[in-house]
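Below you'll find only one chain, the form predicted alone, shown as structure tokens.
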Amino acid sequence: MKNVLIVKGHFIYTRTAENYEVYKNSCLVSVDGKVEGIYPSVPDRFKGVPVHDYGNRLVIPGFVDLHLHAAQFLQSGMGMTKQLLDWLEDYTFDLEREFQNREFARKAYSCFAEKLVACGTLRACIFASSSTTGTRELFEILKEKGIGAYVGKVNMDRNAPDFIIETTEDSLKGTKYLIEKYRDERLVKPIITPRFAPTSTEGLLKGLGELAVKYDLPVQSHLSESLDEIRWVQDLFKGAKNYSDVYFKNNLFKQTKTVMAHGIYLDDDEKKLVKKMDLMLAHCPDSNINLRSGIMPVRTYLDMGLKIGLGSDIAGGHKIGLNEAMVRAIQLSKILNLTNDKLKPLTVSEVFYMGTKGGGSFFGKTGSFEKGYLFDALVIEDDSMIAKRYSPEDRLEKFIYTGDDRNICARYVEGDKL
């Protein structure tokens, strides 16, 4: 007997970035965790199946966060006046050391996971820390939560404090252990994670690329986040044409599925390579402003056909709710428009697409309610006066701008209610 779920409410999602698909007072049928269809009423062949009736509430796809650091969650909102490299030295590295302690890791990662799920993020690409033991705890906690995630042990063998770097051999050994332990999991899977090029030797990058290709695993890292970082990469990797080339030469740039965070200052060759390799970029607007890194030219990239998702980038970003990243992406695009009126500001539907179907494509068919997509969903409740007066589109925009975990009354991952 197939597992059938029927949910009733007002459904809104984006098939494309330009427009919403809206089904008011409709019934969505999910079979074995996948959307079978949306209907005005329950089809005859599904009569007798209980209906989860959410009345006048909105039902939207779950949020997909393509870049955040679980080991930095406790420091969210701290050090926000510093720039990237100083912020890492003054706040981040010292906290990440604590995740070598299993008990500390379990407590801290439990707090992180609770908040992540509460805010509606049902899929995420997550950096842990350099600790193999701590990263194992994060895998187990996310499995218990029942959400989808790629989790990476952070790999670094130079240019960081001695208490959090490892030898090249130990870094690769810990990564391989986690790959073999978790690669066959259904929802929470490993991802190859060099912290960023400056904290990795050529030997470590080469070894990580070999693991990515051998096990056909996805890759995540940072790319061109700040000008100081780019200059540092140029000094460290004299033979590389640019920042992207460092990863590309080591099989870490879409030789397997890859997401790179930031990408603010890509040169023309890098943009062409990103497009050619069909690589995903994670736009992290909050952290880019907090750490004064810059503003990603999202409209330019979209016009070129590059693939863009969103990241909260906790803890460079100060809020874990992905709707916050959507709002900031729009606001920053308006700032760019003030200096160049050819750069059209982002629309609400475009950023909603980035945070659902666009980012969801990294996980497969999720982030939409089209037939065959995984039923990952949030049920949104707003004030009754708002619900009666405004359209689903307006209500969704209000939730994106002003909503939080208190507005989310149900969460589904692959048809299972959390």
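All residue numbers refer to positions in the sequence shown, first residue = 1. Not measured: the values here are computed from a predicted model.
Below: the form predicted together with a small molecule, not depicted.
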Let me know the one among 72, 290, 250, 256 whose heavy atoms come within 4.5 Å of the small molecule in the predicted bound form, would you?
72
Out of 145, 307, 195, 136, which one falls within 4.5 Å of the small molecule in the predicted bound form, going by heavy atoms?
195
With heavy atoms only and a cut-off of 4.5 Å, decide whether residue 222 touches the small molecule in the predicted bound form.
yes
Flag residue 262 as yes or no: does it have a non-hydrogen atom within 4.5 angstroms of any non-hydrogen atom of the small molecule in the predicted bound form?
yes
Please tell me whether any heavy atom belonging to residue 84 falls inside 4.5 Å of a heavy atom of the small molecule, as the geometry stands in the predicted bound form.
yes
Please tell me whether any heavy atom belonging to residue 88 falls inside 4.5 Å of a heavy atom of the small molecule, as the geometry stands in the predicted bound form.
yes
Looking at 157 to 165, 110 to 118, 195 to 203, 337 to 345, which one sits within 4.5 Å of the small molecule in the predicted bound form if you count heavy atoms only?
195 to 203
